[in-house]
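Here you get one chain, nothing else, as structure tokens; it is the form predicted alone.
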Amino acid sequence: MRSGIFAGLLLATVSAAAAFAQGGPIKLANVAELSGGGATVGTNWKNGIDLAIEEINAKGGVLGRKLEVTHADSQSNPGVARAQVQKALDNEPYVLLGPGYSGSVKVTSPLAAEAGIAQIMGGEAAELTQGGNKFLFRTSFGQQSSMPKVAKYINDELKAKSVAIVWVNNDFGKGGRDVITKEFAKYNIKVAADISTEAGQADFAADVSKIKAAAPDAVFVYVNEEESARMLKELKRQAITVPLMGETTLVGQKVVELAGDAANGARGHVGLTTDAPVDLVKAFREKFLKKYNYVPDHNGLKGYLAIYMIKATTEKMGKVDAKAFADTLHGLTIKAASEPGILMDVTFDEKGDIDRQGFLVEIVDGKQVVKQVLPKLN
């Protein structure tokens, strides 16, 4: 009898534990650049994640379960990012978030793929989603999507016949430089100067002197946010007056804050901007500003959207299933009408690349002004 009672109690305990596990929190892991050269990127990303989780949990969570996230600092170093991702995966998260730097994504994505865990990241290097990794997903356009639009604008709108390219010597910069160079060739736009810079570089006087000597019709700047601000200041100091064109990292909110009036006139293609003429994006901006007391850049938007990607995909499955998550997200279209947290209608293809509206912006009096709204590609 005692054995029977004990066995019954044990079974009840095991059943209770199983039930708890079934209804416990959905655990996510974030590895981001919270210190080092990418601290602006990682902090915005983290804050966007936390804001979305707070909102979702306040409304009952996902399928009745709360979301729970752990944050780890990559220190903006690929080696540290790899070690932190391995630790995160040891705890078997439902989805891995981050990193933001393409170089860090490059060395961490094989770990997540081997574990069969979906990784939603912020990197934009073209190569990241071209290698057949079925577990890797973007929160923004890859370079293969954005650079053709930039080159077309420089050709059609700026009428430039020659361009100076300034790029940062890392995976992000190399990828962008390679893609934009090929696009310029299609329009017979001459690369008058091809200038490599370093991550964290503080002095751009010599680089701008090279631009001045090359006398291009336009300058394409593709470096990280803080370096973009320093470059813009030096371009103004040396009185470079030709059009300045870039991508999100040239015209982001943080760049505008750091560069001051030197940012005025800079133009860029952005996949995400809190100045977008979209009501849901405007509402996000106000919520973020109220919580963190600063205006977010595109990285804040990307972190926020990553969580709503998880919510929409999980609800589409009707269950929390880490192994089925990636298969479900491939080919999925999430509409803002049914999931407002996604902000704009979005589709994910079989490579994990993203398709949605994009924007061409110009910095005017210290603010992003949207000049053109570009529709989804497909």
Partner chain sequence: MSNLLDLLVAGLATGAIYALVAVGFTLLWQTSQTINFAQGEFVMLPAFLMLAVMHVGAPFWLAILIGILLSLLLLGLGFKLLLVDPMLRHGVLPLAIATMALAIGMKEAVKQFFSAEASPFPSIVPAGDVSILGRVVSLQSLGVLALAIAVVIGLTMLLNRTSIGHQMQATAQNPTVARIIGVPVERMILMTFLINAFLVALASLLITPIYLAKFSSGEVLGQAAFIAAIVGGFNQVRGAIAGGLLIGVVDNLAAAYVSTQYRAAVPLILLIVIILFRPQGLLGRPEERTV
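The shown structure was predicted, so the numbers you read here are calculated from the model rather than taken from an experiment. Residue numbers count along the first chain shown, from 1.
One more form of this protein, predicted together with its partner chain, exists but is not displayed; see below.
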Practice item. Considering only heavy atoms, tell me if D207 and its partner chain come within 4.5 Å of each other in the model of the complex. Key: yes
K254: touches its partner chain in the model of the complex, heavy atom cutoff 4.5 angstroms = yes
- Do S35 and its partner chain come within 4.5 Å of each other in the model of the complex, heavy atoms counted? yes
message = Taking its partner chain as it sits in the model of the complex, is E226 near enough to touch it, meaning that at least one heavy atom pair lies within 4.5 angstroms?
response = yes
From L258, L280, A113, V191: within 4.5 Å of its partner chain in the model of the complex by heavy atoms is L258
The one residue among A322, A39, A336, I56 placing a heavy atom within 4.5 Å of its partner chain in the model of the complex is A39
Testing 183-191, 208-216, 131-139, 263-271 against its partner chain in the model of the complex with a 4.5 Å heavy atom criterion leaves exactly one stretch, namely 208-216
Near its partner chain in the model of the complex, with a heavy atom at 4.5 Å or closer, the residues from 40-59 are T40, T43, N44
